[in-house]
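Next up: just one chain, as structure tokens, the form predicted on its own.
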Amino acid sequence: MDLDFSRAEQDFRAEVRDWLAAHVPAPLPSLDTPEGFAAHRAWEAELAAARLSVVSWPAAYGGRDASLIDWLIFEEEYWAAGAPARVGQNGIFLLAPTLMAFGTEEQRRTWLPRMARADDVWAQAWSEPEAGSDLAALTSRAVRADGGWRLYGHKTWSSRASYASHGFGLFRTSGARHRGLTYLMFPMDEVTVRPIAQLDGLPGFAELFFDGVLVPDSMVIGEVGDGWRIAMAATSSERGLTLRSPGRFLATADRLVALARDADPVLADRAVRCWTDAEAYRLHTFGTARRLMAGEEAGPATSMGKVFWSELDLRMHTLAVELLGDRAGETPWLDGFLFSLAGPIYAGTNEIQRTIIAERVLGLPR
């Protein structure tokens, strides 16, 4: 695998680094507050104006036609600069790849440029009270109506849903367990939203209640009844390199090593191990990107990456809290620790990921 960067890639890195140095704002309020949500949307619009919000997208949708390598470079510089969390990540990293692969050209031209500017912010609406890890067991329905579909049911743990303008998810359009699911987008203005408080008391998630929300046919992604196949492709993006790029873990590892510089040697050794693991994940991901650019598919191996980065993130933040002791609550490390606890759960629990690895990567019997 070629790990050398071309001159063009090095120039792109320098451009991104210089722009971020001049534009990254002071820390913004939490995006799980109304004022923080608005501030993060404004930041996304500023990124989009510089054509940096979605560098790997086609130029027609707001991107730069950049390669996956360039996108990984952007992510490294973005997180190293301490830039804000991406309020539009559900749309940019989950829905957008789905529209690129399965949507119509009209859908892409309608939704992607707005997504790049954060004109629309999307909630992910997959899980249900009785269908979390077993996604195919969902019962929320889409019923045929004049010109579209009416949605009924209950979704929960919908990220960004407290303030989002739109959502996307799976709904049952027939009784077949897998072939009866359809992938739909929907506006949030007629959905009943019940925020769910996190450990920090802020509503990072919400429950959604559908009571006949009308969705036009133009907001169906792919074919009716083909939602399961489309969703499984989307989970590869979620578990793979798009949702959690190595850049954010490298930035965390660098801060952790600095924090442990004068620590007990045993704790310092754990910090260094975290840094080497973050670097290993970086090299692995660049290798994956090279293979994808050569026309290969990531496939079920994305589950290995998901287990690795989620447990690495938890180890790094756990160690930071140990190093800080009573002072942890005065720093961003505590918020990071609380969020890292969810890593082994979201994007498919790590227990489920290990089952996928056993069956589909290692070929072990069920």
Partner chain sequence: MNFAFTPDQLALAQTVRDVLAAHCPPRALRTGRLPAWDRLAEVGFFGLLVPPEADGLGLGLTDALPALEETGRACLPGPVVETAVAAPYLLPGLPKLASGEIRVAVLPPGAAFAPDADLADLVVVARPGGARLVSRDSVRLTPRPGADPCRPLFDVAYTGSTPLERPLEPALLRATVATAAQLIGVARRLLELSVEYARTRRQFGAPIGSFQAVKHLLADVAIAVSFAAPLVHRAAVSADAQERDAPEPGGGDTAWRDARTAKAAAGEAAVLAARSALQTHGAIGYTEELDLRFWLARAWSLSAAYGGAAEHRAAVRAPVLAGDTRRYP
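Residue numbers count along the first chain shown, from 1. All of these numbers come straight from a predicted model, not from anything done at the bench.
Same protein, other form: the form predicted in complex with its partner chain, not shown, and the subject of what follows.
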Problem - Single option in 117, 284, 248, 172 placed near its partner chain in the predicted bound form, where near means a heavy atom within 4.5 Å - result: 284
Problem - Of 31, 307, 47, 321, the one that lies within 4.5 Å of its partner chain in the predicted bound form (heavy atoms) - result: 307
Handout entry: Location of its partner chain contact in the predicted bound form, chosen stretch of 262-270, 208-216, 175-183, 154-162 [non-hydrogen atom, 4.5 Å]
Key = 262-270
Practice task
Answer for residue 275 alone: is it within 4.5 Å of its partner chain in the predicted bound form, judged on heavy atom distances?
Solution key: yes
Practice task
Mark residue 18 yes when one of its heavy atoms lies within 4.5 Å of a heavy atom of its partner chain in the predicted bound form, and no otherwise.
Solution key: no
Practice task
Give a yes/no on whether residue 290 approaches its partner chain to within 4.5 Å in the predicted bound form, heavy atoms considered.
Solution key: yes
Problem - Interface membership of residue 11, its partner chain in the predicted bound form, 4.5 Å heavy atom rule - result: no
Exercise for the section: Taking only heavy atoms into account, state which residues of 351-366 are within 4.5 Å of its partner chain in the predicted bound form, ordered by sequence. Expected result: 351, 354, 355, 357, 358, 359, 362, 363, 364, 365, 366
